[in-house]
Structures are given as C-alpha cells and as structure tokens.
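Read the single chain below, which is given as structure tokens and is the form predicted alone.
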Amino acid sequence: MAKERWASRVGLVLAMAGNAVGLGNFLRFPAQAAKNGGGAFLIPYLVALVVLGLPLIWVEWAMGRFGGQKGHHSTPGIFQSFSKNPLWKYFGVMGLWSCLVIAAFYLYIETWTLAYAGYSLVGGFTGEKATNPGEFFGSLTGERDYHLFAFSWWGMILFMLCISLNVYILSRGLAKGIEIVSKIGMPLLIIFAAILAVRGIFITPDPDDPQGAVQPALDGLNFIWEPRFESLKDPSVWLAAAGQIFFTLSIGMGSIHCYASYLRETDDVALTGATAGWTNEFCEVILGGTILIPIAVAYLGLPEVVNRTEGGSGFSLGFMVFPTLFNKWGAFAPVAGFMWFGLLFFAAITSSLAMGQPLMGFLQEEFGLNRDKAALAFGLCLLPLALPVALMHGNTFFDEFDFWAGTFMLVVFALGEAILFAWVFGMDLGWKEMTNGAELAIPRIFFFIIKYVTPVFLLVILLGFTFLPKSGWNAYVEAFTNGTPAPAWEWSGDGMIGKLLHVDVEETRESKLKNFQSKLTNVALNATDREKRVADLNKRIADLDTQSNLRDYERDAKKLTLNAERKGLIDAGKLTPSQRDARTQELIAERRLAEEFYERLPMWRDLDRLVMVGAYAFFSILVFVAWRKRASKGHSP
C-alpha cells in the first residue's frame, strides 16, 4: 500500500481545524458560557486550555507522528508503539470505538443540518405558508413524544445520502478527499459565520417595526460575556469548562493521532498543532459567541433565551427557533438560513470525516484493504449503530452514545494516553519527540504540566463525573468550608454512576408526571380555587421584585415561567364542560404513554450499552487477529 501524505500544510491545518470545529462551537459553547458565569467562564476555560487542551493536542500530534513512522495510522498500533506491554493496543481500541460510536449519532445531526440548509434556501421557513421548525424537525426524524420508535422515509433517505457522501469522500484519500473538503468547507464556514455575526450584532429595536427586534443584540453579547465571578466558587463550572475543551478540540478520541500519523518524521507538530487549536478557538469564542445568543436575544428577549439555555445547550435555539428569526431579515432570510445551517453542515462533515479516517487507516494497514474497500467497510460497520439512532427516540441510542462515547470515555482515553506518553514512554523521550522539527518553541513549563498537572487534572475530572452528587459538588464544598451539615448523598443523573443506575430516567419521569398532574389539577379546579392559585402566582411574581440577589434578566426569566403557568390556569378556566372533559382525557392518555415510555426506557438503554460493549469487543478481536498476522509474518508490533 502506498504511503499517503498530506498535499500541503495549509490543507493539514484546515483538516485538523475542521476536525476540531464542530457543532459544539456554535450550539454548545455560547450556552455553556452564558450558564456558567458569562465572561468569568473564560477563566476556567483558559485554564483548561492551558493544562488540558494544548498539552493533549501536542501529545496526540507527537504520538500520531511517532506511530506513523512505524506504519501505524490508528490508536491500537500507535499506542502499542509506545510500550512493550501488549495490553496498550487494546486500550487504544477505544480510539476506533469512540470514532465509530460518535459518528453513528453525529452523522444523524449532520443530516439535519443538510436538510435545514436546503429547506431554508428554497424559502421553506419564510412567507405566509412557512413551515414551523418544530414540525419540520418532527417530519425529518419521525420522532413523537413518548414513542420509542421513530421513522421518516425522507429523513432516512437523507441519512443514507449523508453516510454515502462521507464514505465517498473518505474513499478519495487524504489529499483528494478530506483535504479538498477542508479547504473548501472551512473558509466557507468562517465566511458564513462572519457575515451572520456582523449582520446580527447590529440588530436594534425599531419603533416603526413592532414585529422586529425587542432588544439590541448587544444585550445578548453582554449576557454571554458579563463576568459573574461568584460562579468560580462552583466546581461544576470548572468541570463544565474542562468538558467544553474536550468537546471543542476533539481530543481523547483518536482522530488527531490518525491525521498526524501521515506526517514525516521531522514535520513540525508544535506550531501546526497550536495553529489548528487557535483556529478552533477563534471559531468558538469569537464567531460562536457572537451569533446564536445575540441574535436570539434581539428577537426573543433575554428572559426567553435564559430559559431556553438553562440546560447548557443551544440546540433548541439553533434548530427550533433560528429559522423563523431570520424571517425578520426580509429578502435575505433564505440566504441567512442557508448560511447558518450551511456552516453547521461544514462544521459537522469536517468532523465526521476525521472520525472515519482512523477506521480507514486501521483496515488498510492491518488487513490490506484498498481505500475503496476500506471506506465501504467503514460504512458497513457504521450501519448497525447508526440505524438504531435514526429509528428510535433520541432518549435511547442517541443519548447513550453521546454520553458514553462522546463525553465520559473521552476523559478516560485522554487520561490513559497522558499516562502512556509521560510515564510509560517517559517524558524525556516524549518531550524530544514533541520538539523534533518544531517551528514553535514550546515553553519548558509544559514539560511539567504534561507530566504532572494534566494527568492529575484529568483524574479529578474523571472522578468528578463518575461520583457526581445530585446536589452538585458546590454544596459539599460550602458545607466543608462553612462547617455546616452536608446534604444527604444522592447520585446525579448526569454522572457516570447515576447514568448506570438510570437515575436520570427516574428524575425525568418524576418531573414529567408531576407536570401532567399539575395540568390535570389546573383543568379540574373550580372557580374559587383557580382564583386562589392565580392570586398565589401573582404574589410570587411580585415577590421576585424584592429579591436583591437576582439580576434583572434572571428575575424576568423567572417571571416569564410563572406568567406562563398563570396563563395556563386562566386558559383552563375558559374551557366549557365538554372541552374540559376532552382535555382531561387527552392528558390522561398522554400521561399513560409517558409512564409506559419511562418504564421501558431503562431496558432499551441497557441494550444500547450491550451494543457498545459488543462494538468494543468486535474491534478488540480484529486487533487480536491483526497482531497474530503480524507475528506470523515476523513483523514487529
């Protein structure tokens, strides 16, 4: 098999940046920053970048280039080249596994961006007969509330088209496939983002246009970046910052190792790796932080955006709201919608290609497949995981793949590679490999950061995510420092143990059923009790004005929620007896569906986990067979 190389350094940097720049830059980062201290979030974010992001970027580039010189282009072989212990190659299997599992759900989101971009361009979300984005999403995915299975013919066709497009590009090779897409996609992504950011930041209310903006877009920018330094006392903010660094730089999943393995022995990894990282940070902090939240605040108002980003995700805004907001841009609306979803598509496809290449490299180097056959094999390996994602509710395979492969295991993998590089291989040899051919003088302090700080930081993050309590770590820190009793220990549904025990499912189930009961109660209330409830809500709304610890936008966001509850009470009181009976039966039927859904969900999630374990076992067997073949031919590992 001929040795593949990158055609140009620019192409390599853009491909690496494209691998890092993904949907999280534009949908997740702004919401995370807004939720976790605004401008103050940049402090733990930059700390995580220095002690985790840059060190791991350089480590993965150096490991990839070193392994590539020994003929390895995937993490099992690359990891094995750093140690004589044969178990390291099976730990390296995680690099193949995570790329495949993440690609299974990431390509599904990529399909959404493609569909939304095309539909925006033809004006589907504009005009008198504009399609509601939520309805469009439902028709695209076939997903319905509290139904385990989902199916959409045209959505599935687009999904298969998206997978086929990725397979075709991968079959073209590095220079003629991935590099060309990156050279086209990354500049277009930046241009589209810059146009939307500049157009959006100048949005201001117009008294002559009551249907236009309700607030200046700069209020949204201020919401993101106004520092709330008290948040820095909360350990969860630091964990969120570290998690965002993993999301944004695509570290801990084997794709950087693979791309770097096609470098020559003395090709620079220091400056090139840092440049790819800086490009990603520009796209995330400057562009990502200037589009989603400011435009949404301008047209929805800050309280509404605060409520919609409370969970730390901008998905709802990006897919369910943005298409209609662009309608206020007149004739430019279809183009603006196309640019928004187009840049998300380019962000997605450059990342998904980086997930496919490690598996391609493994199949080529270990089993002698040519690029066409390796690309087809990648597609066939992907289907058993991707089809359940597309055919079932997002709370099943999609969420499980996202948490285990796309979040938790990234930290596990990064901790393992940090130990392998700095302690098993040895930091002296590792530093020599990192600085070989370097065109950037890496400060010597990073020698000690990589050896000591990075592994400890990763271990703390791993323990924090594993043993996460329901009340959050901050409650226990405050109890320790203030000498007050700590809260009773309960597992959080967001932590690893909580996930294993399906605590998150039970928490959601309780919340949903409580909401149904509240709606049923509202419908059944008599006039006197209804008036009392409305009066109580009015008092709670008025009391918010006396709470000096709340910022204005936080107070308004809480008022928005309470006003919505009050409106529901008042509307329920306007129902006729027959309408009340019909609404009651409708709510009872929906509640029964919800109960059945959450009762069955843990079983499906356990099945998801068996599928993931099976995928890991499958790749481990392939690695075992490959190394037996190497040994039989007298090749070194």
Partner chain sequence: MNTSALIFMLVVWSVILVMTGYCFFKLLTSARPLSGPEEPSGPTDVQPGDPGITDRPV
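In this text, all values refer to a predicted model and were calculated from it rather than measured experimentally. Residue numbers count along the first chain shown, from 1.
The next section is about a form of this same protein that is not shown, the form predicted in complex with its partner chain.
> Contact check in the predicted bound form: F66, E226 and L429 versus its partner chain, with a cutoff of 4.5 Å between any heavy atoms. Do all three pass?
Yes.
> Which pick from F378, F136, F341, F82 sits with a heavy atom within 4.5 Å of its partner chain in the predicted bound form?
Filtering the options by heavy-atom distance leaves F82.
> Looking in the predicted bound form, any heavy atom of E400 within 4.5 Å of its partner chain?
No, no contact at 4.5 Å.
> Does its partner chain come within 4.5 Å of any heavy atom of F149 in the predicted bound form?
Although its partner chain is absent here, F149 would stay clear of it in the predicted bound form, with no heavy atoms inside 4.5 Å.
> Check whether A626 has any heavy atom within 4.5 Å of a heavy atom of its partner chain in the predicted bound form, and answer yes or no.
No - in the predicted bound form, heavy atoms of A626 and its partner chain never come within 4.5 Å of each other.
> Can you tell me if S511 lies within 4.5 angstroms of its partner chain in the predicted bound form, counting non-hydrogen atoms only?
Flag for S511 set to no.
> Of these, 120 to 128, 304 to 312, 318 to 326, 69 to 77, which stretch puts a heavy atom within 4.5 angstroms of its partner chain in the predicted bound form?
Residues of 69 to 77 come within 4.5 Å of the partner.
> Which residues, if any, of 246 to 270 lie within 4.5 Å of its partner chain in the predicted bound form when only heavy atoms count?
L263, R264, E265, T266, D267, D268 sit within 4.5 Å of the partner.
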